[in-house]
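First comes one chain, alone, set out as structure tokens in the form predicted alone.
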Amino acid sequence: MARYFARRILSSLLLLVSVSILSFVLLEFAPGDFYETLRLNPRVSEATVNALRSQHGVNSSLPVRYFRWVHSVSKGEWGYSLAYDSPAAPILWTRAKNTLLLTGTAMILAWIIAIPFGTWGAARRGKAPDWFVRGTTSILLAIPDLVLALLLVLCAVRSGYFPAGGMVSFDFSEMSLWAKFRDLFRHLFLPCLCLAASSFPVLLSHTRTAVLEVLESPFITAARGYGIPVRRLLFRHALPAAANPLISLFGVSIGVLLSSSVLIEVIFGWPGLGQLLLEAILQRDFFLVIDSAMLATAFLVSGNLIADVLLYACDPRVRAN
């Protein structure tokens, strides 16, 4: 057990280090930096710009900047945001919590709907419920995330009930506890629905396929012969036997949600890592770009580690390796 998880943790750490190095190398080839816009201001002299670049290490070589960033991460600062003129860590953690709230809620919603509907479709293979499940999957896969997000924003504007952007209302701090919960729910509903719809078809299709393979196995045929009710057969026997591929899909679905959340956060004005990454790129805020990419990678790695733990607990074959 210790060796199994040691290998997984070591590979995850190597992945994070590789992503950090690759991010620094790619940004090295990006034109300009944060202080390029200051050169357009006639009231700021060239000497002032050069002094600021030297003060924040912009003129330093790539290895020097990388090891300074590593040292800053070890102190919990995660570099220095030039746009916010402060250490990057407080900005990152606030945005990361917002992204986790959105993606976590969307993931729970997608899985809660996909598992019973996928199981239902597999149990009624070739019949109307199965055609409904497969048709829903095809339609959702055919709709681009951008189009779906814009349609939901249009619905919010037309209906007036759901806010078209933001995370909370302006008077959020003055509300009661129940009013705060309701206000947050109203702001969260549409981006969560849109994000869940982006991963739901894949989860639904994989659930149907996994359960369908189990339903054709001999032990299910024998269980049917004993007269076990269909609902108990599906959820007590077939679904647990189909859990392994679904657990493996869990880690992958986190990556899908994180990649989709960048677009969703920008369109709905959700103050998460996706919107922060876009702002940092436009402002050429070097460390915030690196940190946002690293946190997104860390979330993906954490999801895969959780999936590995669940597989280890559920599958004796994994424990035997």
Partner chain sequence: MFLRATPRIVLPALVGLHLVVLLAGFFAPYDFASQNRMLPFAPPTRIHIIDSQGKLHARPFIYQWKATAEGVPQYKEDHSAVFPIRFFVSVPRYEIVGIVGFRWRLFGVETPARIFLLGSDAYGRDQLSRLLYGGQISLFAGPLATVISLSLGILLGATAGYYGSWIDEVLMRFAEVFLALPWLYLLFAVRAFLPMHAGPNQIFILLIVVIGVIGWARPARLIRGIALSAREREYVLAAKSFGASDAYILRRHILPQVSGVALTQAALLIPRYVLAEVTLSFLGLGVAEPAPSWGNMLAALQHYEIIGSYWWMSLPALALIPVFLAYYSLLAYYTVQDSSISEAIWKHREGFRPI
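None of the values given here were measured: they were computed from a predicted structure. Positions refer to the first chain, counted from 1.
The discussion below concerns the form predicted in complex with its partner chain, not included here.
- Using a 4.5 Å cut-off to its partner chain in the model of the complex, each of 205, 273 and 286 places a heavy atom inside that distance.
- Listed residues 153, 115, 101, 89 were compared with its partner chain in the model of the complex; 153 is the one with a heavy atom within 4.5 Å.
- 131 is the sole member of 235, 172, 185, 131 with a non-hydrogen atom lying within 4.5 angstroms of its partner chain in the model of the complex.
- With the partner left out here, its partner chain still marks one of 208-216, 190-198, 223-231, 68-76 in the model of the complex; by a 4.5 Å heavy atom cut-off that stretch is 208-216.
- The closest heavy atom approach of residue 179 to its partner chain in the model of the complex falls outside 4.5 Å.
- Although the partner is absent here, residue 108 lies well away from its partner chain in the model of the complex, with no heavy atom inside 4.5 Å.
- In the model of the complex, its partner chain sits beyond 4.5 Å of every heavy atom of residue 49.
- Residue 22 belongs to the set of residues with a heavy atom inside 4.5 Å of its partner chain in the model of the complex.
- Along 132-160, residues 134, 135, 137, 138, 139, 141, 142, 143, 144, 145, 146, 147, 150, 153, 154, 157, 158 each place a heavy atom within 4.5 Å of its partner chain in the model of the complex.
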